[in-house]
Every structure is written in structure tokens, then in C-alpha cells.
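The chain below stands alone, shown as C-alpha cells; this is the form predicted alone.
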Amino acid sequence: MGEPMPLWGVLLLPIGLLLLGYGAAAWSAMLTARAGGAPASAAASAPARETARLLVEQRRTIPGADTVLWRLGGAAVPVAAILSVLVLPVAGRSAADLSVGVVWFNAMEVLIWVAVWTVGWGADSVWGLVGAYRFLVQGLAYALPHMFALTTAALGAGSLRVSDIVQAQEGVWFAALMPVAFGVYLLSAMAMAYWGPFDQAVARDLAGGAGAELAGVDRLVFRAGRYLMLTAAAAMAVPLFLGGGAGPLLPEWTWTVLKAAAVLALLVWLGHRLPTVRMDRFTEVGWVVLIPATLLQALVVAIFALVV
């Protein structure tokens, strides 16, 4: 069991998440600019300019919309992202070192389902509603493989506590021992943040899908929540599969940040490089390939844990 994080550390946790999230948005803008032949360096400030524009833009009002549900859903996305990292150990300390930390993280991911669906449903818009249902279908495709990937890491450590999973990787990282679970986790990380290639819920063919009718601060919160969720998922890969803060020379918290930033950069890059996957095909792959693969990986790890 890890030591509790001091109050200043708990306060810094969401700030660190915001900084990494901004870095992901800037990296995404640079990749977009580079693909369009524009200078990539100038695009680094694009998220800041977009934030300023949305802050002064008027919020949209739609007749017939369930305004409370609509706006609460958008606000729930960043809240779920911040709550999910409460179990993240940094330098051996967590804001909440729960005995069911893995379950807590998975529960916050499920909260994202509810949030995105209510954003699409509450707007009383056909684009939003179709986008919301696309996200539900996507959730059905990746939820079980994602859960089995988390379970495999917990099986390897014999505990659902995230700090115990880090301690179990003192010899070898779980990414090397259970590569299938690690790969599926990275795929599900992009899916839970509706990031490419799993971005059909907010795709252009639906004029933005679930978030199509959002404007002003509401759109800003929804977009920021997406980057925060992607960042939180990348950060959780560090204690689950990459040995936590283990590394030479540098302090443990530095290695945690560096590993999280590296995973996040990889996810953002993959989102730009891979084409969007249709929900029906993703569901087929999820149920026919990913579920058996993660179950087999979990079985191998369980047998290894019993023998050793």
C-alpha cells in the first residue's frame, strides 16, 4: 500500500493533467498543420487561440433541448477524467490508494459513456443523437477487451490496488510480460476518448456528432474533456504496464510524467495516421479477435501466477 499524497500534490494532479492535455492538443494541431503544408511550430499556440475564441463565443440555445442534461453531460467528461487519475501513483503516492483502484478507473471510463450519450441526447438534434448512439456501439465493442486488459494487469500483481501493480513490476514491466493486454489497453484508451481511429461519435460526416450543437464554453469544456480523458488513459498505462516511476537517474515523478507524455504522444500520432474505423467493423474485431486474445492472455498470466 502506497503513502497518501499530500494536499499540495492532490491540487497539482489536475493541473498536471491539464498541462499534458494542452500538450496533446498542441501536438495534434502541429500534426494537422504539417499534413496541410503549414509551419508546424506556429500551430503550437492554436489550442490557446481556440480556447480564447470559444470563451467569448455565445452559448447556443436550442428549442426543445434538455439544457440541463445537455450541459451536465459535457461537464461530466472532464470531471470523469480528473476523478480517474485519483488512483494514479506518482512517486509512490496516490490521492486515493483504493484497494479497488483498477475498478475505480474502469468506472470513470463508463461514466464517459453516460456523459457523451447525454450530450448527444440532450441537444434534441439528429446529428447529436446519431453520434451518441455511435459512441454506445463503440463502447460495446471495446468495453470487454478493455476490462480484460485491466484484469490481466491485476492478475499479474494479485491485487486491484494500482500501487501493488507497480510494485509487482520491479523486475519486468507488464508491457513485456503481457503485450496483448498492453496493446488492447492502448486501443481502448483511444476509443474511450473517441479519438481517431475511433472518432465516429464526433465525426465530420455528422457535423461533429455528439457535440455538433455545442458552442462557446460548452464546446470548450467538451473538447477539453476529450483531451483530458486521453491524457488520463495514457497516464494510467504507466502504473499498469510500464513499471510506474521506475527508471535510472531521474526522480520517480519525472519518469511517470515522461512515460505518460510518450504514451500520449504516440496515441495522438496514431489518431492522425490511422483511418477512421466503422463501428460495425470495430465491433466485429472487438468481439471476434480482441476478446479471445485478451482472455487467452489473462489465462496465461493466471497459470503463470499459480505456478510461480
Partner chain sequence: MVQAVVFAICAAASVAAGIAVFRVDSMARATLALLASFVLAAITLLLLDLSYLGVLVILMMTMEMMIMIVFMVMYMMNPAGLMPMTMVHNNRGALAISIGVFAVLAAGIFIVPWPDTRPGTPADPTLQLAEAIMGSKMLVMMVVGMVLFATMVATTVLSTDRGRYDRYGDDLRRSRPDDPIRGGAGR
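Positions refer to the first chain, counted from 1. Everything numeric here is computed off the predicted structure, so don't read it as measured data.
Another form, the form predicted together with its partner chain, is not on view; read the next lines as being about it.
Proximity to its partner chain in the predicted complex, defined as a heavy atom within 4.5 Å, singles out one entry of 157, 221, 111, 187, which is 111. Listed residues 182, 173, 127, 117 were compared with its partner chain in the predicted complex; 117 is the one with a heavy atom within 4.5 Å. Taking the partner from the other structure, its partner chain in the predicted complex has a heavy atom within 4.5 Å of a heavy atom of residue 100. Looking at residue 217, you'd find every heavy atom of it more than 4.5 angstroms from its partner chain in the predicted complex. Contact check for residue 66: a heavy atom falls within 4.5 Å of its partner chain in the predicted complex. A residue is said to contact a partner when one of its heavy atoms sits within 4.5 Å of a partner heavy atom; residue 147 meets this definition for its partner chain in the predicted complex. Here the marked residues 107, 278 and 285 all reach its partner chain in the predicted complex, each with a heavy atom within 4.5 angstroms. The stretch among 84 to 92, 119 to 127, 163 to 171, 226 to 234 whose residues place heavy atoms within 4.5 Å of its partner chain in the predicted complex is 119 to 127. Residues of 127 to 163 that come within 4.5 Å of its partner chain in the predicted complex, judged by any heavy atom, are 133, 136, 140, 143, 147, 160 in sequence order.
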